[in-house]
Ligand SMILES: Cc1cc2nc3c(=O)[nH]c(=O)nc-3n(C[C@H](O)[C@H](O)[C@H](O)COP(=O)(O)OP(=O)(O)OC[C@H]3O[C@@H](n4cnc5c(N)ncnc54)[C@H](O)[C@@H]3O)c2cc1C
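Before any questions on how it binds or moves, here is one chain, the form predicted alone, in structure tokens.
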């Protein structure tokens, strides 16, 4: 994706703010901005990571937890109370000129004085059949910050392809002593010090490379070499695909992990460009996405000034 600085683009719908991304960050920002009496165009590809969460137990206010899809639909319903133009489409191209920003999708475009990116990130899944079924069953997990509480004292595995897996396994050691770190290429890819850290924490790391992973009867079986190990839950630590292409195309700085670098107000280093939620630096949590959206929306409102 590349930024387009060509001023010959077709006439676009004009708004105070264009938001790209319809997850909890984008939807919350749209609600705030609409209540600030700002005109908003929200472009939603309908691919929010939130929709894949079977049950969240750490989002405030829901005693028994809430399914990600339920929370997503509640936010969409709330947004429909306000005059926000919501477009179900995949943004394809962005441009920046002295008058603001334009976002183009198949069959349409919109211009805004400010651009708010809430494009999120996608978990990199393990190579295994029936990934979604394993995720819905709680056998496959991605976020120990979100749900390690649910695996207290259970048999847990971590699947990784690099040294970051060591940190994730040690993080989970606070919740359970029954831990196995499965390295895609086997334990030999780790340094001596990394293996010593695992040993001191009582975490097993098989020598053999992982051959296959399968979900069956509520558990995950990892085949490594000629052996197999069953786990109640497997955390996949293969990383995230951060959807920061538009930010980079516009010249914004991203960090070594691919996140958009933002300040305390969620502003990037491109004037008028903001980033919130999982695409921005910070803790990847629903509550954090909503809080960042409130901060960014309030900052944008003040930036735009009083209505004439």
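Positions refer to the first chain, counted from 1. Keep in mind it's a predicted model, so treat the numbers as computed, not measured.
Heads up, the form predicted together with the named molecule isn't pictured, but that's what we're talking about next.
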Next on the checklist: Let me test this: is every residue among 25, 135 and 286 within 4.5 Å of the named molecule in the predicted bound form, going by heavy atom positions?
Outcome noted: yes
Checklist outcome for this item: From 163, 204, 238, 89: within 4.5 Å of the named molecule in the predicted bound form by heavy atoms is 89
Checklist entry - What stretch, of 212-220, 192-200, 115-123, 178-186, brings heavy atoms to within 4.5 Å of the named molecule in the predicted bound form? => result 115-123
Next on the checklist: Contact with the named molecule in the predicted bound form for residue 248, defined as at least one heavy atom pair within 4.5 Å: yes or no?
Outcome noted: no
Next on the checklist: Using a 4.5 angstroms cut-off on non-hydrogen atoms, would residue 45 count as touching the named molecule in the predicted bound form?
Outcome noted: yes
Next on the checklist: With a cut-off of 4.5 Å between heavy atoms, is residue 34 one of the residues that contacts the named molecule in the predicted bound form?
Outcome noted: no
Item to check | is_contact(residue 268, the named molecule) in the predicted bound form, heavy atom dist at most 4.5 Å | outcome: no
